[in-house]
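Just the one chain here, the form predicted alone, laid out as structure tokens.
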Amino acid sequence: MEKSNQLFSLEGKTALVTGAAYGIGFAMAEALAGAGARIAFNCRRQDHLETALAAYKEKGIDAKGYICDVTDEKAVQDMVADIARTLGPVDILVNNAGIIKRIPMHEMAVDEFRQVVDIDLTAPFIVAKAVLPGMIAKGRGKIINVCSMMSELGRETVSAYAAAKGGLKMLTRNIASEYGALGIQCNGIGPGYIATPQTAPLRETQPDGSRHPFDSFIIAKTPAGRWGTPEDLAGPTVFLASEASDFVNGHILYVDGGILAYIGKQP
């Protein structure tokens, strides 16, 4: 058992989780810290940074936080250099930062489309590029890109998001292809519908006591019969960050309760 547990140990490792001030990113960072990793994270606002640092402290995690726009290559390079100086070179990168704009495609401004692609696809390229030299020098490293079911499926109003997340799936596979021989694994996690404060309005009970229509839709499409929780991502995150996944590369692990495997119930 001890040898098995050691496979998943992240003791002595430094992890950078982008956009991990709250929500899914926070849960993933918490899981990595629980396995022994030192945690660095970024966000874009001082108030979010202060709230996040307090939340990490409450969990017993001595995280190092940065105000950093992950679409700014110079700012990212400076952040990664400071992490190397203070915590050690990044061993684990989780590209979690992202946005979504739900706008019908024919109504979406080009600048809105570009903003989503810039944050959800170009930024993971920028951050991965910044940490790769250190990983190459050590001959090992783990990159986890937070993809989406929209890496595989389309849906109304999410043209930019689906395009970016589909691109992120292929960036993941290409990083694996290009750097796998150097001891670096790059994989993706594709969360299903996760119960967070941001999705709470979609799960509110209606005045007549019924489920919210979107809540009913998700439950009907999910073989597990429930929304996921941030904690459901903990095990997959630690697995892909640890030695247990050293021969797993270019894979997208969908943590979706079975949605992508299910055609749905017959009407």
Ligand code: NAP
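Counting begins at 1, following the sequence as shown. Because the structure is a prediction, the values reported are computed rather than measured.
Quick note: we don't show the form predicted together with this ligand, though the next part is all about it.
Colleague: So which stretch, 169-177, 184-192, 105-113, 134-142, is the one near this ligand in the predicted complex (non-hydrogen atoms, 4.5 Å)?
Modeller: In the other structure, the partner sits against 184-192.
Colleague: Could you confirm whether Asp232 comes within 4.5 Å of this ligand in the predicted complex, counting heavy atoms only?
Modeller: Asp232: no contact with this ligand in the predicted complex.
Colleague: Give a yes or no for Val70: in the predicted complex, does one of its heavy atoms lie within 4.5 Å of a heavy atom belonging to this ligand?
Modeller: Taking the distances in the predicted complex, the answer for Val70 is yes, it comes within 4.5 Å of this ligand.
Colleague: Are any of the heavy atoms in Thr199 no more than 4.5 Å from a heavy atom of this ligand in the predicted complex?
Modeller: Looking in the predicted complex, residue contacts with this ligand include Thr199, since a heavy atom lies within 4.5 Å.
Colleague: Mark Gly19 yes when one of its heavy atoms lies within 4.5 Å of a heavy atom of this ligand in the predicted complex, and no otherwise.
Modeller: Within the cut-off, so yes.
Colleague: Among Ala97, Ala128, Ile83, Ile92, which has at least one heavy atom within 4.5 Å of this ligand in the predicted complex?
Modeller: So the residue touching this ligand in the predicted complex, by this definition, is Ala97.
Colleague: Under a 4.5 angstroms heavy atom criterion, identify the one residue in Ala37, Leu240, Ala63, Cys43 near this ligand in the predicted complex.
Modeller: Here the answer is residue option Cys43.
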